[in-house]
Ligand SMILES: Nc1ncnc2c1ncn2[C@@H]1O[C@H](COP(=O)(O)OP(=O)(O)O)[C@@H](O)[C@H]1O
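One chain follows as structure tokens, the form predicted on its own.
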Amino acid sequence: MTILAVQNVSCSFGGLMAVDAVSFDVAEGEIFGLIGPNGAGKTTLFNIMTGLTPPSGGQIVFEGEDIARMAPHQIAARGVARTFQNIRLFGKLDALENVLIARHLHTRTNVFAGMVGLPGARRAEREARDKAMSILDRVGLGQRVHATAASLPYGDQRRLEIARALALEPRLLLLDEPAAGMNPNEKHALSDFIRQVHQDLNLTVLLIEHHVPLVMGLCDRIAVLNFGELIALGAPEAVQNDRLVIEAYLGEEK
């Protein structure tokens, strides 16, 4: 069953075509990779999917609904969450507070109830805190809940950003270069972690990543962009041996 359909999506900036009539489907429950050289249009496509950048044309259909021109909070409320290539945590807040901020979409009390301490508000606050603690345990940060985000090692900051995305209870998780800046051991651990989260939470995962071995070992299918165009789509083995991919991207890695 298709959970996400990218249909003939284009995006241009001042005459420069960043994404050029790209189409592909993501099946529910799969781990789908999006790769390509720098400037290929990968992050622009992610930004379109999450409402940060409007497309010039085409549709992003999530669970049967076109979300391409919705606001980011509307898309998040429908079950799409993302991380960013450049970590966007609240550095002065601790890990728990960072995750609690993301829980607001699932807190069903208003500001007045919280200010006067009504029982329903206190109960919602406890539930949100318990859920946030559970998520932090899942990502391996259960012992660092009161550490400020800025004080965490780089790999833990990446995990915290994923935890914050998971706090939105998504059905589709978009990861923008989650292994950026990690050493080989950290990348291996991250791959295992993504696979475990995908399995435990029954998530569909769509990720951008430059580290080709991670993508090839983790993803069920891969789409390859080059200069905004889709040049290959298929299983890792097929993509890895595609001549256009080798010329555009994998050959550079070798």
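Everything quoted here is computed from the prediction, not taken from an experiment. Start at 1 and count along the sequence shown; that's the residue number.
One more form of this protein should be noted, the form predicted in complex with the named molecule, which is absent from this view; the next part is about it.
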Contact at L16, T43 and Q85 by the named molecule in the predicted complex, all three, heavy atom at most 4.5 Å: yes
Segment assignment from 43-51, 185-193, 198-206, 63-71: heavy atom within 4.5 Å of the named molecule in the predicted complex: 43-51
G217: touches the named molecule in the predicted complex, heavy atom cutoff 4.5 angstroms: no
In the predicted complex, P37 touching the named molecule (heavy atom, 4.5 Å): yes
